[in-house]
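Encoded as structure tokens, the following chain is the form predicted alone, with no partner shown.
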């Protein structure tokens, strides 16, 4: 295909008229499709229905150590759940706290605790003149919403295929004691699906922050969310690497089963050094007597061990892999060679990241919306919702049916072509 930028104005005008006629057909279809969030589809949720049979009224709800899961207690979670989640996170069960259903909730609480009571005896962040956070961008909008809510100044850092720009991270962290943390999705990142390289993880573990209470917020949300058996990304385990580097307290590592079992009824976890865990438990004991141990036991009885969880995730991959491949195929077919966009082809996770020509993302999303397809808002993947290039769009293929997804992807590429032509014609 001829790159749009190489067309004459007349060729661009004719191409646009043809595309607008096609767009009108989509508008007449009365579509109402939602690709705005990375939600599991019904077929994925159905995979976990056996959990409802793992416990029943006659079941023994006693743990191996004699704990009755129906009663109070167990502040940091039952041992069996720590072992299961520890295998998933690649961490020692002794370094893990099991929480309720939401890892985002745990991250919010962790920021809140640092604001009001500080970290390991350091001054509470709310008593400081300025508090800053590094935000690899494009990134996860809900991370950014937490720090924005607490009035923390967010500093974008460029994301690359190997992780955040570590030259920038190292320099900023070393120079500015007001920088207290960084958001990270190290494996199959949201939204690009990138995974941090070995060098990136090692450089994180060897950071020399000016702030002694600086923490890496390591959200390993997609740690076992592979799309392929043979093409899987692997990353170095950060807690062990921090310990080797003499920085054992540098990281908080988060995970959950939210996209493994039921997003609203999974179990969340935090892994950290023993020093950090003791600091957290001092607060946690004032917040709760213990989280839902029955749900923790339900997960253990359903999966039995990490091997059961891995096999379960293969079934997830079988459901969503055709969706990712369909989107990639349509993007390749409709856009390859036109010079109007770039997109990622991840090996796992929940998203595909699309980069339009500068200044086009908002208009592409708006045109898709007018024809009945709701995308994630343009700019959402940047702090404060402000994409400086207005170019990044997060594509979430998992929730719609395969046929609906193909329709939505075709409309999306149509919108990209129309908006790109209009942008080039203006110039």
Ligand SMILES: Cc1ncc(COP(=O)(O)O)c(C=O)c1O
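The model shown is predicted, which means the values in this text are computed figures rather than measured ones. Residue numbers count along the first chain shown, from 1.
From this point on, the text means the form predicted in complex with the named molecule, which you will not see here.
J.: Quick one: does residue 155 come within 4.5 Å of the named molecule in the predicted complex, counting heavy atoms only?
T.: Residue 155: no, not in contact with the named molecule in the predicted complex.
J.: Verify the contact flag for residue 259: yes if a non-hydrogen atom of it lies within 4.5 Å of a non-hydrogen atom of the named molecule in the predicted complex, no if not.
T.: So residue 259 counts as contacting the named molecule.
J.: With the partner left out here, check for me: in the predicted complex, does some heavy atom of residue 221 sit within 4.5 Å of the named molecule?
T.: Although the named molecule is absent here, residue 221 would touch it in the predicted complex, with heavy atoms inside 4.5 Å.
J.: Taking any heavy atom pair closer than or equal to 4.5 Å as contact, tell me whether residue 190 reaches the named molecule in the predicted complex.
T.: Within the cut-off, so yes.
J.: So which stretch, 278 to 286, 100 to 108, 197 to 205, 69 to 77, is the one near the named molecule in the predicted complex (non-hydrogen atoms, 4.5 Å)?
T.: Comparing against the named molecule in the predicted complex, the contact stretch is 100 to 108.
J.: Sort through 133, 214, 252, 140 and report the residue having a heavy atom within 4.5 Å of the named molecule in the predicted complex.
T.: None of the others qualify; the residue that does is 140.
J.: Heavy atom within 4.5 Å of the named molecule in the predicted complex: which of 303, 125, 351, 354 fits that? Just give me the one.
T.: Checking each option against the named molecule in the predicted complex, the one that comes within 4.5 Å is 351.
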